[in-house]
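Just so you know, structure 1 and structure 2 below are the same protein chain in two forms, each on its own as structure tokens.
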Structure 1
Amino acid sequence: MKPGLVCKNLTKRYKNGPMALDNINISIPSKGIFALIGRNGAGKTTLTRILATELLPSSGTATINGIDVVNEAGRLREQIAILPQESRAVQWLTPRQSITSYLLYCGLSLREADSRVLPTLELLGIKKNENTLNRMLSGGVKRKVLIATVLASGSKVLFVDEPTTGLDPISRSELWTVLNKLKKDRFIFLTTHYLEEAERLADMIGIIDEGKLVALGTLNELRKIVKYGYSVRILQKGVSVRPRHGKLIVGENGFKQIITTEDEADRLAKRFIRDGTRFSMNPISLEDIFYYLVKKPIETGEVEEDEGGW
């Protein structure tokens, strides 16, 4: 299969401003979920807007399924649907009215638009809310209404920019279930700063930092970038530790994390158990990989490479 999403040296510099995207290169199939993760201001939304034909790049090219996002923007818009981060359900409409009006705006007939409403609401588990005003719905259901709206368009490429921001854990989990259903026959370009969300949902993951794409691949491929397989976190202050192997992350307020080998993690665990130190030990997660690569720990601090013993 030929790559469906291809970016070549894609760059965006805002006038009199910083470099928002710096020579982004991506070549991946247009299937499943691609999650782009990064800190606030890393360039996630800028890249999304360029690929969704909402913003022109300063230089470089990008295509989706062979369609150029700049030179063939009109053609591409017929095949994509976009759920921006700032989207809100119109308060005085119902879910049925929201979806119908959107499809009419897209050029469908009233009969065709109406035929798509109930199947889409049923797929997302909100058919019972079809005639309830959006302002009466919970935050999670409102988000589902927005996803239902773009889904009903029939577009095979969906851009979803930080869809679960501000949602409670239950609503977020429900939306994860929905997105997992949708990815079976669609390509979803998802941006998020929730690393657990990307780990749970994504088939491919890109890590962006200060406008640069620092890693791209499946979760297992990203794990191979980090030569250490385990993470040990010290859950109390004032503990002195110098791992024999691995990377020691030192953050504010005494936060310490060691990314290391299985043998070294086992040795440290035995020491902490003996000393009564509270700690956690787990196989390396996407969160660990992210902070390893961007050199920024969970709490702002410095990262130290340490090969000595304690």
Structure 2
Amino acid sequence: MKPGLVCKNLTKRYKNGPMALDNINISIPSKGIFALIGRNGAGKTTLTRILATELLPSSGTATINGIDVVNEAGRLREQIAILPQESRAVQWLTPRQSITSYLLYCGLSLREADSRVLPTLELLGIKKNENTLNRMLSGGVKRKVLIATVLASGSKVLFVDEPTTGLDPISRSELWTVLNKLKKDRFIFLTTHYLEEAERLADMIGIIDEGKLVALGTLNELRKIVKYGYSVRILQKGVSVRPRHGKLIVGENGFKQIITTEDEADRLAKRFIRDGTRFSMNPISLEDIFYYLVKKPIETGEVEEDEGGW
């Protein structure tokens, strides 16, 4: 049995629906945190649900630690837990009851289940809400109840589909600390729209776009895919620019960004300073990589000239 997450030509086409996953190939170690990022509808949830044995693929195979997600689902289910994207804390239960009942579904004894409630609530800082009905809790605390529920399972493989959506910045970074602690002895498959989250937590990052896996690797490996190490953002509209190397991306809001080499970034910076153009220049971040790979860039050479002043 070889440890790892392996997908081979994994494809999913929903009945009367779109091609949600198009020939996905992944082979990564099943330890630490794997963050899957991608735009809305890219296929993150579809992949997560297939791996968590909730949904059948149309073709292709996937194994986790050598266990097939289709043919050996029963065995796999002994080791996994999932926090579905759209799950909600059951209104008529308290956090204690939510956790206890889920642990019973995992097959733990009532006594064992009960004993895990408080430490887990404490881990997420919601111990004082133990016996409040979920429906009276704030949105973020409800979210934490769900996170606590799957964490309490102690499963070695956790799927968490956008766990931090709806959490305030402090709670989110607290959860990051928790996940960072937990990842030491388990595999966490995480999807997120917060690229900083993936940057901070992930040992491996996958970028999925329109059902295709467009990048897979550590943050450093992803940086290499992009070839360029620097990002220059122009912080005002209507500036015409023609980089010699790299790619020019125009954001939805009309602001331009150039992903390029250090030398070219320097050259542009000097020009912007001379012209009094407001800009920022940084080593490339995951967000830049994401834009670079997912947003169709405007290639150098066919740079649009919008002199239309501002």
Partner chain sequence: MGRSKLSQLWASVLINAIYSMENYPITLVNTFMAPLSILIIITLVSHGTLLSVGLSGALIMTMVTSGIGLQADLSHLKNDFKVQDMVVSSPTSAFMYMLGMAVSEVIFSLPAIIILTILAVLFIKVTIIGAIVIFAVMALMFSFSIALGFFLSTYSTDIVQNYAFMGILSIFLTTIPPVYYPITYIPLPYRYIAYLSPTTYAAEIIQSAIGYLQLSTLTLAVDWAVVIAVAAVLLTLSIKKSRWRES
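Quick note, the numbers are simply positions in structure 1, starting from 1. Note that the rigid core is defined as the largest set of C-alphas that superpose within 1.5 Å between two forms. Everything numeric here is computed off the predicted structure, so don't read it as measured data.
The form predicted on its own corresponds to structure 1; structure 2 is the other form.
A rotation of 13 degrees carries the smaller rigid part relative to the larger between structures 1 and 2, according to C-alpha superpositions.
The two forms line up on their rigid core, and Gln91 then has its Cα shifted by 4.0 Å between structures 1 and 2. Superposing the two forms on their core, we find that the Cα atom of Asp114 is displaced by 2.4 Å between structures 1 and 2.
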